[in-house]
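Quick heads-up: it's one chain on its own, the form predicted alone, in structure tokens.
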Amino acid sequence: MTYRHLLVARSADGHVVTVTIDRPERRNALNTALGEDLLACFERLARDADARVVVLTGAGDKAFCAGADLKERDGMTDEAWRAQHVVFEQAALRILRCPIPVIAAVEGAALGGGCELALLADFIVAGATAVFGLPETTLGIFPGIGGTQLLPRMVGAPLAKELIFTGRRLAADAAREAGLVNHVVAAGQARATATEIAATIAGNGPIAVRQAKKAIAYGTETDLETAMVLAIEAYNATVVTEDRLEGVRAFNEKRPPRFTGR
């Protein structure tokens, strides 16, 4: 499938999918068409039996995504604004609930909705010149696709409140210190590093990885006792798989396992 503002590429084995936001002339800003593309793309990825990891990145080195395209929004009626936002909301939920790991590879600016897109990923790899921020309140707007919920869970409520209330930005190193970013690498190397990590993940048991993501995602949103039950359910889902048998065989035969996702 072709998209208007996304480039989708796969590794040779088909397991690592790179999704590139491709509006560099607008600093990869979110317009309606891009929101629709993200929604359609991640709906397809949720059903893709071969995909094991997604790397989400932006074209060029100036911006991962500079946020919503306010030129497109200029003059929008309230009804049109809300209709557009529903598209963004649905796309955000598809990324957040993608059953396979999503790694954000960030170069340059990740601001507003662009920062929220990165937060929706499972973790972030940032180039040294990356900048993160939720400046919506400085424009009388609100972080509308999860920033007020995701950022406090990642960096703690007091820092999240300061960043959202003031619109202050974080450079890559500060974002790592705060717990927002997993890795800071040389400028221009975020995608390559994220792809290396993705390849490592893709080599592991895909059912086990999916179940681990599910258990972590839902377990962190409930009490510990319920979370332990969810974890055991996820564990039991891996026991009956051919991949579990292959993993044990490979260990005893002293060879790399060949997982099939069954």
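Everything numeric here is computed off the predicted structure, so don't read it as measured data. Residues carry their position along the shown sequence, with the first being 1.
Form predicted together with a small molecule: not shown, discussed below.
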| field | Every residue of G35, M76 and R82 near the small molecule in the predicted bound form, heavy atom within 4.5 Å | value | no
| said: Can you tell me if A68 lies within 4.5 angstroms of the small molecule in the predicted bound form, counting non-hydrogen atoms only? | reply: yes
| query | Can you check whether A29 is within 4.5 Å of the small molecule in the predicted bound form, heavy atom basis? | reply | yes
| message | in the predicted bound form, does A157 come within 4.5 Å of the small molecule, counting heavy atoms only? | response | no
| field | Distance check, A109 to the small molecule in the predicted bound form, heavy atom within 4.5 Å | value | yes
| field | One stretch from 85 to 93, 181 to 189, 149 to 157, 109 to 117 that, in the predicted bound form, holds residues within 4.5 Å of the small molecule by heavy atom | value | 109 to 117
| note | Checked D13, E25, E253, E242 for heavy atoms within 4.5 Å of the small molecule in the predicted bound form; positive is E25
